[in-house]
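Listed next as structure tokens is one chain, alone, in the form predicted alone.
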Amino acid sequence: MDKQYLEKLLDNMLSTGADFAEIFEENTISKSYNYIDSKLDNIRFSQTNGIGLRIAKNTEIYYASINYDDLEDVYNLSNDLKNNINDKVLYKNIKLNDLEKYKADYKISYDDYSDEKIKEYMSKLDKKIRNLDKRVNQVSLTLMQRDDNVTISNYKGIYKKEQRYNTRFYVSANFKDGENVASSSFNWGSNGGLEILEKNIDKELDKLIKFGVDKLYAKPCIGKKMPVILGPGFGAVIFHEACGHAMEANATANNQSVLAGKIGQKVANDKVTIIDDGTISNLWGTTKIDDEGMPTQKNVLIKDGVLVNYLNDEINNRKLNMQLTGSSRREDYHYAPVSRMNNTYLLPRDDKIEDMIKSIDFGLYAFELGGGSVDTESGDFNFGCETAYMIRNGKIAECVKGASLIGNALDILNNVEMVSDNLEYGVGMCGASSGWVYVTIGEPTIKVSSILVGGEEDDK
């Protein structure tokens, strides 16, 4: 849509008394490659074009979206939307600023790799993994690419366009030895192009094989309250789910968070500093602007154990009256945006991993966490452990299966006892009321003094 038409549409959306109006335009091209059974199984391609219209009065929000063929369809949709509000008109003759354009950061574009070149890369990797251990009996590889072009215009005069590249590669291997079966996987992703296919992944492959083989012979986990070491990278999912969502404005503004109303209060151990940063170059959750057109930024949420900020979007912030944080996000034009995390991580400290292990007579080393559930309002959580080992007499012992971590967000924040310096990041998809968005989570290896570990065997 051209600038003049957007201004006309915004005026119409505000014509019955709304005090907020926004137009979100999207053009997205997605492509994925799936390689299994030592062959390229399929290539999938999709293209999406659409528009989302949002108006609000105070904190009441009305949203509609359309995949349109004619601009008249969009205008008719705005007429339907504005009928939800009947009040004094506050705005007239909206004037948009000059268009600001933000280009994706990448070294290798999607056009630089042909389908044949990607197939060749996957074939070589498949053979390499199978040759690392004879117990590998299946390899699955998936490459996903997404090229988003979004344009945001609103009642404040914001008029911005951003191209967003997101690329993710997923590697999974199944293992078999007699009746024993197990699986192991890893993935990496970036807000960038196909340069991720040129990174050295030998360390990740070594870990893939070690974890897969160890899990073939895993023993049942013993369940009880015990100290737990959480591995770096995706181990931070426990903080993302149990604590991160509790700091998003759509929860805190409505008193649906265990951290609501606690700004300035001590909520964690002194060693805990949690940051959400949408600006880190090429991380999976990075964008230059959020989905309200605000610049993303580095937001310190918990500093040395003290809660100092929430992640805020414009509408929820009308209740909080804090600074906007550039954190409004959505999956696509079908969804109205709300405050969401981008790249959330626990700041590293200087404790040594070997000291953590030596300090534990009996405990759990959770190298990788899996899925789980959390109640944002109470802070209660339950997470499965994907790869875990018992710690006995200050040493890593047997690999175990069936382990889970059960606890409360405030408890785990206060029970963080040691934090190392080996910060790593993991990538994932986070689902909430505004759909699924790309997020990075990160942490160094940490020791938590006590968590209830659920297991297949009772403590003897």
Partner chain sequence: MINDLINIANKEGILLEVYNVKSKSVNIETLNDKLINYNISDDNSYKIKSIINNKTIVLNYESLENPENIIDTIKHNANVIDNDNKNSLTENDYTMENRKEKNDIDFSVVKKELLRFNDYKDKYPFLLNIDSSISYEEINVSIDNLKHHLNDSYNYIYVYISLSGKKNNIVKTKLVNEYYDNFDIDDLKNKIEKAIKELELEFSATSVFTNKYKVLLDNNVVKSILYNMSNMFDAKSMFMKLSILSDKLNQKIFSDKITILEEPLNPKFIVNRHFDNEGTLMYNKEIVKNGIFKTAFNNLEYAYKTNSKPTGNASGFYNLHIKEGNKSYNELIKELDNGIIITQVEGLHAGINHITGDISLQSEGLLVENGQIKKALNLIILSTNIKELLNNVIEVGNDLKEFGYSISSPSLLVDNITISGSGDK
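Numbering follows the first chain given and starts at 1. Since this is a predicted model, take the numbers as computed values, not measurements.
Another form, the form predicted together with its partner chain, is not on view; read the next lines as being about it.
Selected contact from Q163, S359, N187, N174, since only one has a non-hydrogen atom within 4.5 angstroms of its partner chain in the predicted complex: If I apply the 4.5 Å criterion carefully, the residue I get is N174.
Looking at E377, D112, D350, E354, which has any heavy atom no more than 4.5 Å from its partner chain in the predicted complex? Going through each option in turn, the one that passes is E377.
Please name which of the stretches 323-331, 195-203, 130-138, 274-282 has residues with heavy atoms lying within 4.5 Å of its partner chain in the predicted complex. Every other range fails; the passing one is 130-138.
Is the gap between Q256 and its partner chain in the predicted complex 4.5 Å or less for some heavy atom pair? Yes, Q256 lies within 4.5 Å of its partner chain in the predicted complex.
Under a 4.5 Å heavy atom criterion, is G402 part of the interface with its partner chain in the predicted complex? Looking in the predicted complex, residue contacts with its partner chain include G402, since a heavy atom lies within 4.5 Å.
Find out whether any non-hydrogen atom of L77 is located within 4.5 angstroms of its partner chain in the predicted complex, and reply yes or no. It does: once its partner chain is placed as it appears in the predicted complex, L77 has a heavy atom within 4.5 Å of it.
Would T59 count as a contact of its partner chain in the predicted complex, using a 4.5 angstroms cut-off between non-hydrogen atoms? Yes, T59 is a contact residue.
Could you pull out the residues of 193-225 that have any heavy atom within 4.5 Å of its partner chain in the predicted complex? If the 4.5 Å heavy-atom criterion is applied to its partner chain in the predicted complex, 193-225 yields G223, K224, K225.
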